[in-house]
Structures are given as structure tokens and as C-alpha cells.
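In C-alpha cells, one chain follows: the form predicted alone.
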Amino acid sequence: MVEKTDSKKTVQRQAMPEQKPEIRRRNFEEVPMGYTMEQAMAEASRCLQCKKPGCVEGCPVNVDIPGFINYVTKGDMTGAIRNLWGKNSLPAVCGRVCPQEIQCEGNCILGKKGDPVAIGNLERFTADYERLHGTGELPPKEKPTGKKVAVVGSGPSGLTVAGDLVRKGHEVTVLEAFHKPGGVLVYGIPEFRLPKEIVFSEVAFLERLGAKVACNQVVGRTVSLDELFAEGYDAVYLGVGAGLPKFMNIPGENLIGILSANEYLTRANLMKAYQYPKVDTPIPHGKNVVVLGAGNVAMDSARTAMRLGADSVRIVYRRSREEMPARKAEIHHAGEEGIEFCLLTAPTKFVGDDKGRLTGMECLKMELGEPDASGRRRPIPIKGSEFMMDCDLVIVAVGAGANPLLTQTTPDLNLNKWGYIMADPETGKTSKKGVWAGGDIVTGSATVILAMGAGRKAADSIHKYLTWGW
């Protein structure tokens, strides 16, 4: 046990061991290697156990952060994971991909004058310890209510709803369109950042709790929402994400060698193209790769291209480094791995050879003006600054839209002008009775933890509906 004394103030934030950049840039193994028990207990001892913890306020699912960390301090990992499960059904995922620096850790009082407590690393350690060394004992559940809920989509939002409702005693079936559960966690996030075995382990935990998972179920095509109600479901939650690729609509975009990040990452991750030829999923390989965009998806695409053997990988972004929306850790890791950042640069057209294959991209230099609606400074083209950039593969990672497969078959589901489902931000209720929605299909592309936060609110609302009515 680590004593709670003033000496903890001198304990340095425990750096998590990582693969060296020159090694990891050519493999798909996870980059951070995890804490030892000693490192975890030392890091946990730094927590001040604030009476009004800002870290909890910064967490979209309101994890009892001081509570679970206190258990880690004592080396009581069973207590720690049970505390985490009280608010978070996916702690191994959140510990790896949440933007802690702007949420829980961003509100840590220690961060005012130094390094905040490594909350994400401790959450990851706790979940990994349970998976590798835990008792396997499940958290308690309420008595069966006899109510049935269909959760459409097995991404972070849907899995959160499933975990919350099955523990409240409801019968939950998760319907997933792909052949594997996990949603964006498996098709969008690379192995080196979130190993698929971690996702499948979290899903297996929910199945052990009692949730059912049915794959290859394209709701909106194989079955409609009205048919789900006819089959006996009392409520439906829509967590189908925002998986419709966006392009830039500039000349030459149909050349061979230009594809969406959605397709590129789905092939690499869910369909295991990085293991080719062991796995027979093809994926385009480039020697001079350009990724358009600077969010987490862009970083994932660029780092994947490097691991697939590219000689050079460049991130092309029309704003400066300060405005890049990706997590700082992902930007840092990309830079360490040799990814080049071409900032204040925007593509204007693609050029190709006589066989229709991409050979280069014309770009324009930019400068920043006043902030736009996003709060970031607006990029302004610099006249006469055109230049050519050689490339044989371009991955477009400039966002995604709402896939209309489900919404087109549900006319009484109100949508906004962008095609996203309109839902109450506090409850997730939609215009259709008995139907809730949350995550990216409501907000547009956002983070895993924000989708989980929406799922938590919707689960509470669904439980009230099943108990007392609409």
C-alpha cells in the first residue's frame, strides 16, 4: 500500500513505456506497453482526492475517478474495476482512446502547476489487470423486467446503452451491420492504438452480463424499425455512427489512387489488410502518400500508411499546428514516426497519367485570418502560391456524414439539414415514439467518450420509459 503523505507531491508523473519510433513505425503492435503494478500505484498516489473533483465533471460519463484511483493506490484492483464498471462498460477502450488531456486530466488540479494525474493510463491499467488477472466475477444486475430493447449499432454509444440497460434488468439485443461487433472501434481505430482483442474482450464482458449481439443485421434493409417493434421490442436505440465518407469535390478526385479514410481504415483494421497475404483483403499501397485532414482519423491513416511500407507520408492541412483537432498524443506519435506535416496548405486539384492513375497534387499556400464558426482561424488562400506535390496515394480524411440507409426507410424520424437524426440532447429521444438516438448519427463525427456520454443519458431515459412510460 502507498501511504498518503506529503511525499506524494514529489512523485513524478509515471511515463508509460512505449515501443521505440524506429521500430513501431513498421509494425502494427500497440505503441504504449502499459504500466507495471508499481508504476500504477505510484501514479495513483499522486491523486489529491479532491472534495470537489473537477476530473469527474470533465468526464462525459462521470466516472468516479478519485474513487477508482484510491483503490489502485491500495493495490485493490478488484475494487478499482468494480468502481469503474459502475459508470463505464468500456474502460479498456476509454483508457486508450479518450482525449483525457481536454477532459478529466484537463480538469485535474495538479495540472495547474505541473503534470495532471495520468487518469487514462490508470483506467487502462485497471481494465487490463482485470482482463489478465481478474476473478471474472460480474457486477450485480437488477431483477429481469421482461422488457426488450434493440440497440442498432455496436459502437461505443450502442455498447454503453447495452451495458447500462442489461444491468437494469432489461433484455438487450445489439444489432450490428458488419460481421464483427465494435463499430468504429474495430473499423476505424488501428491495431497499434486499440488492439481488436481489447474491443472483443469488452464486448464479451457485455455478453457475459446478458446482452445478445447479432452481426450482419443491416437495420433499414434487412429489417425496419417498425418491424423491430412488431417483433416484440419495447424500445429501440440508434447508435449507427456517421460512416458516409466525405470528399473535397476538386478536379481529378476520381483518379486511381484517391480513396476515403473510411474505406482505407476499414480495409486495414476490420478486414485485416495489414496482414496481407495471410489475409486476402487488398489495400492500396503508396510510396509517396498524402493524407488530407488533421484529426484523429487523419493521424490513424497516415500512421497506417507508414506501417504499410510508404517511403514518405505527409499530412496536408489548411490551418496551422495549433488548430489541428487530433489528440496531442497522436500528433506527437505521428511526428516521432516520421510523418511530415505540410501545414497552411490546401489541395486545389489532382493530376494523373494517361492511364488515369494519380501522380501528383496541386496545392495552394494559406494564411490564417479571423476565427470562423468553428472558433478556429479561417484559412485564406495566398494568391500566386501554387505548387505541385508528388504523390501516388491520397487518403481523404476530412470528415464523414450521416449514412442514409436507415433514415431513408423511417419517414417519421426527423432529421436536420445535414441528414443527422434530431434527438433531445439530454435524453436522446427522437420524434418517433419508443426510439432514441445518440453518438455520431446525432452530433456528427465526435469522440468515443462523447458517444458514450450520449448513450448513458439515453439509457437512463429508456429505463424511465420502460418503467413509467413516454
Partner chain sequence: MFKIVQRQEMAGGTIVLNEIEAPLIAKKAKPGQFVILKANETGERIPLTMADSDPAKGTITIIYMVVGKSTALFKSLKVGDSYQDVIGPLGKPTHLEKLGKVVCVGGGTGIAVLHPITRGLKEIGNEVVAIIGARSKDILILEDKMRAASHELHVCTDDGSYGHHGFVTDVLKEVLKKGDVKLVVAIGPVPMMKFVSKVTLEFKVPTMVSLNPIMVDGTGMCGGCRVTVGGETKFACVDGPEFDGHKVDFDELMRRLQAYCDDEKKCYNDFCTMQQA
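This one's a predicted model, so the numbers in the text were calculated from it and none came from an experiment. Numbering follows the first chain given and starts at 1.
Keep in mind that the form predicted in complex with the partner chain is not shown, yet the notes after this line are about it.
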item	value
Any non-hydrogen atom of G243 within 4.5 angstroms of the partner chain in the model of the complex	yes
The partner chain contact at I256 in the model of the complex, heavy atom, 4.5 Å	yes
Interface membership of L405, the partner chain in the model of the complex, 4.5 Å heavy atom rule	yes
4.5 angstroms heavy atom contact with the partner chain in the model of the complex for V218	yes
Contact segment among 113 to 121, 274 to 282, 313 to 321, 77 to 85, judged by heavy atoms lying within 4.5 Å of the partner chain in the model of the complex	274 to 282
One residue of E340, E336, E207, E263 in contact with the partner chain, assessed in the model of the complex (non-hydrogen atom, 4.5 angstroms)	E263
Contact residue in the model of the complex, chosen from S385, T145, T348, S224 - any heavy atom within 4.5 Å of the partner chain	S224
Contacts with the partner chain in the model of the complex - residues in 172 to 189 whose heavy atoms fall within 4.5 Å	A177, F178, H179, K180, Y187
